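Single chain ahead, written as structure tokens, the form predicted on its own.
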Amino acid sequence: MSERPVSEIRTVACIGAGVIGAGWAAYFLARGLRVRAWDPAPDAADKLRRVIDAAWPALTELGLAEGADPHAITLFPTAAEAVAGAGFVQESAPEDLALKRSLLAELAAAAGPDVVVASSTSGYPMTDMATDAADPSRLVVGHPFNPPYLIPLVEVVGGERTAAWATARAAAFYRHIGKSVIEMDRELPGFIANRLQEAIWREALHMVAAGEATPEEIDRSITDGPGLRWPVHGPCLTFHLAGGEGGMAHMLDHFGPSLKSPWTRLEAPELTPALRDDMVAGAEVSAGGRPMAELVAERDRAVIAVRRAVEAARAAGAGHR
């Protein structure tokens, strides 16, 4: 167990230089860290450079940390050499379970005894990936969203043999460098956000396959509809507001029967009293004690800001054509 504060981590190893791995490297560099990288592809150096250079203007606009340097990255011939001396390891190899198992075992053996090794996997539980590691106690999932240098969310969860301190340290490190972290209590294939976006994706494919909607209509139904609310209030708090002054309790009691309506191909869970109470309590936590009028005003300000920002970005893009 490491007692060193995460603020003392100055060097990160990025294992894998694909879209996710290179995006992580760009973000770490923008936070003033030094990066040691490895990727078996012969053109890895070129791929890394292209992604970092493409990401740097956006990172600059968001604000660079002191000492940020897009060239503070070194590519090593082996994964073990890249890990040597790193204070944190981010693995971003392809989604191949056998590859993940062997690579994570190698990284765990090469990393220092107090160094956490995090996997960017988009779906595999760490329990399944850590089977070959002699010491899996420092192996955790640190699941980002593409592109990692722009999207703040990271889902953190350990496996059955992950030490609690390792999960907590990974979460603390990500928060320290500016990420929004969900530290999950238990493993779940696909984690939280991927399962939610996959539900929308499956329903979209059903509609296209049945000739019920076009891809353009589906995209616009989100970008010009509920997607405008989600940057400030997620699905649960959105439905809390849909209940008016009665909040989530009124929404569930009033609209609960519609859960069984054939609006989607996904089977809805039974709205038991326990599930209803959990949703009501969760909405109250998300609301943080703020009155409904304040939440509505916050949502409205944010939606206006998001619409203006998107319109400005589109206008700027059109001007460059």
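One rule holds for the numbers: they count along the sequence shown, beginning at 1. Being a predicted model, the structure only gives us computed values, none of them experimental.
Not on display, but discussed next: the form predicted in complex with a further copy of the same chain.
- Residue heavy atoms within 4.5 Å of a further copy of the same chain in the predicted bound form occur in exactly one stretch of 165-173, 193-201, 73-81, 101-109, and that stretch is 193-201.
- Residues Gly227, Met248 and Ile304 are all found to lie within 4.5 Å of a further copy of the same chain in the predicted bound form, as judged by heavy atom distances.
- Of the heavy atoms in Ser221, some are within 4.5 Å of a further copy of the same chain in the predicted bound form.
- Interface membership of Phe88, defined by any non-hydrogen atom within 4.5 Å of a further copy of the same chain in the predicted bound form, is ruled out.
- Taking the partner from elsewhere, Leu97 is found to have every heavy atom lying beyond 4.5 Å of a further copy of the same chain in the predicted bound form.
- Of the heavy atoms in Val115, none are within 4.5 Å of a further copy of the same chain in the predicted bound form.
- Along 204-222, these residues reach a heavy atom to within 4.5 Å of a further copy of the same chain in the predicted bound form: Ala204, Leu205, His206, Met207, Val208, Ala209, Ala210, Gly211, Glu212, Ala213, Pro215, Glu216, Glu217, Ile218, Asp219, Arg220, Ser221, Ile222.
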